[in-house]
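Listed next as structure tokens is one chain, alone, in the form predicted on its own.
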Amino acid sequence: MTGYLVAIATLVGIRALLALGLNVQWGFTGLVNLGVVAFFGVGAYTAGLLAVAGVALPAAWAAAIVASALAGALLATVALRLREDYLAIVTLGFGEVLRLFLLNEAWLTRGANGITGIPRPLRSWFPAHYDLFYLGLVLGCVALIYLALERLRRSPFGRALRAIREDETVATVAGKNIVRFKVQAFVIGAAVAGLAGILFGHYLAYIEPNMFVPQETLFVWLALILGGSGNNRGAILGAVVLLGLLEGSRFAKDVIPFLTGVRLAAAQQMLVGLLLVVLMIKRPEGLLPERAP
């Protein structure tokens, strides 16, 4: 049971990183990114491929974060000139195009077979309690990203992002380069998602394209909305509550015998949907609403 709880806590931490990255884009800046999973996948695949090829892990991780940031910069440069609804469509499409690329370009990504044998960092140092060490590593990354984004939120840069979110016209009149700020926010969020992908790939030691489906982006959005958009603590809380709810509902099969297999998966989706509807009615600002810095 302890091992199961450690595994869940590790995955919660990884999803919290995804929610923090999305919070920079949507919560701070008002950018609709429905392709979060794409940058998650870029980070996981870049680090995994390089690590399996024998590249030192620090170099592989740095390359993966840079690759995710560059992918975010390229997409943002093109897509951010579109209206909000078209931006959502383009980012959603980018996520699915990347998944199909990972699936079909086997010469580079190993296709449907995925990448196996991804080395786990410092595995030989902790032969007995490695999962606890990895949980500590993930939580340490969450803490560092949280502190960095909190500082960003209170900085002039963060205030400019929120000004753009509230009224682009006013921000433009104030002399802000709207496109540049949006691209920078998108890049930061993509880099954080790439870091989450790195930790995810090295934790499982195996990744394949169907791990990066659009549904993963939906869960990140739900976590952020649940916790409180614009609030970094809310992003983390939302990830904890949502994943705790999804995983906790697995035990329902022990109480309700007919709730197994497909029925259990359907019940989980219904539960999440019901939670979101109730939340939008009772607490539309989330569990931890945004506060002025």
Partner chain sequence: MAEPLLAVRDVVKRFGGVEALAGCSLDVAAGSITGLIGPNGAGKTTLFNVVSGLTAPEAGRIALGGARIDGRPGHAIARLGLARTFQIPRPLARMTVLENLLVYAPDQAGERLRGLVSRPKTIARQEASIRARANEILRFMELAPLASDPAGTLSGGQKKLLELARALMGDPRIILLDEPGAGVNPTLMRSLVARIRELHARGVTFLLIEHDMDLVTELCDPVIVLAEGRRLVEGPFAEVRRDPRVLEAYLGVPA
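None of the values given here were measured: they were computed from a predicted structure. Positions refer to the first chain, counted from 1.
Another form, the form predicted in complex with its partner chain, is not on view; read the next lines as being about it.
No residue in the set T77, A88 and T91 has a non-hydrogen atom no more than 4.5 Å from its partner chain in the predicted bound form.
Partner contacts here mean any heavy atom within 4.5 Å of its partner chain in the predicted bound form, and among 213-221, 193-201, 155-163, 132-140 they occur only in 155-163.
Of the heavy atoms in D167, some are within 4.5 Å of its partner chain in the predicted bound form. Its partner chain in the predicted bound form is approached by Q184, whose closest heavy atom lies within 4.5 angstroms of it. Though the partner is left out of this view, L147 does not reach within 4.5 Å of its partner chain in the predicted bound form, counting heavy atoms only. In the predicted bound form, its partner chain lies within 4.5 Å of some heavy atom of I188.
Along 52-82, not one residue places a heavy atom within 4.5 Å of its partner chain in the predicted bound form.
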